[in-house]
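First, one chain by itself in structure tokens, the form predicted on its own.
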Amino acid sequence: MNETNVSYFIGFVLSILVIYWISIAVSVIYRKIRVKQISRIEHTFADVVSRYLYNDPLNPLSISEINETLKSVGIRPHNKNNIQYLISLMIRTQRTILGGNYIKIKKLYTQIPPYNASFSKISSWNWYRRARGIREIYEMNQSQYLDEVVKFRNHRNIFVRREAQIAMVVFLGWESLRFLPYLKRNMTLWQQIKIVEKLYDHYPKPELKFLHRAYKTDKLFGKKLLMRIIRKFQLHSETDFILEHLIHEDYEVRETAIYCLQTFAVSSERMNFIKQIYEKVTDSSQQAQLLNYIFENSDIDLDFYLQQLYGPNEELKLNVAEILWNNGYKEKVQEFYYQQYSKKEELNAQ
């Protein structure tokens, strides 16, 4: 490599280093400016909200003043980053406010920016932006957009329809259950849990008339969702709906029914019903779960346990024998095993 090439190489490296350090300097300066700008937005928004919620009659704060104040710190239609940051502040603020102030802040949010930014996102072709827009709408309780949001309840993208279904629960509460028969796509376990949580957070007082109407759904995910609602709200009067599905043909429906049933201590009449249908449960592991539930929530029914001990289910006989042995019926267990031994002896002799 001659001196000319070496000079070019050194110049090239120095150029890269200069560009690198300039980019760092620009980044640091931008970050400082951005942090300062965000801080101004935060303090201004906090001041506006506090003055609006606790308005001084002698010096009232009007909506036009609020909008002008927000504009002065960069909340303008062309500045999307600032608008998005304001949205996050609005959502965080609303989550921390209760009672009468919650109603006030909800009204305020309908009259100030972010210039329909969240609503405009639901028109995007990008599923992430669309889902995010729907989430922002229900997080800020912007119920005026409900009709548009409902259209996405059967969207092909799971995240978009999940957010739309949650929005329906937030805006309509228990009445949203009337849409269950019209949902065309499966609802995952995670979706069901989120819907139950939102319903419990926003509408803790059950409205059973909507629950009863929803019982008519033939959707498997709908049945599982309703059972989880019964469990979450501790609706003891509705446990019959759970009991009906202990012998459902679908494994996951039965599993959900057993899981939800374990939250309740049922009456002796209902416990007898569980014992009657016990043998109709086709899966051994689910039978074992029900056996544990019966043992933990009722007195020892010797006839029932002996019926299982001498029954055809070999996998559960050891569990039944253990229950009887530990609850004062050792002789019954010994008698059973002596009979089994005698039968084996007879078979060997033949």
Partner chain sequence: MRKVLVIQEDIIILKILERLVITNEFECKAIRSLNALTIEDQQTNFDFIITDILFEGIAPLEFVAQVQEIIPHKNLLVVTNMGQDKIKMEIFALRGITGFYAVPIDLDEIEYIIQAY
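Every value quoted in this text rests on a predicted model; they were computed, and no experiment measured them. Residue numbers count along the first chain shown, from 1.
Although it is not shown, the form predicted together with its partner chain is what the next lines describe.
A.B. asks: Mind telling me which stretch in 91-99, 148-156, 233-241, 207-215 gets its heavy atoms within 4.5 Å of its partner chain in the predicted complex?
C.D. replies: One stretch meets the cut-off, namely 91-99.
A.B. asks: Does its partner chain get within 4.5 angstroms of any non-hydrogen atom of D56 in the predicted complex?
C.D. replies: Residue-level check for D56: yes, a contact with its partner chain.
A.B. asks: Would E42 count as touching its partner chain in the predicted complex under a 4.5 Å heavy atom rule?
C.D. replies: It does: once its partner chain is placed as it appears in the predicted complex, E42 has a heavy atom within 4.5 Å of it.
A.B. asks: Indicate whether its partner chain has at least one heavy atom within 4.5 Å of a heavy atom of I29 in the predicted complex.
C.D. replies: No, I29 sits far enough from its partner chain in the predicted complex that none of its heavy atoms falls within 4.5 Å.
A.B. asks: So, A46 and its partner chain: in the predicted complex, are they within 4.5 Å at any heavy atom pair?
C.D. replies: Yes, A46 is a contact residue.
A.B. asks: Work out which of T282, S62, S285, S50 lies within 4.5 Å of its partner chain in the predicted complex, going by heavy atoms.
C.D. replies: Filtering the options by heavy-atom distance leaves S50.
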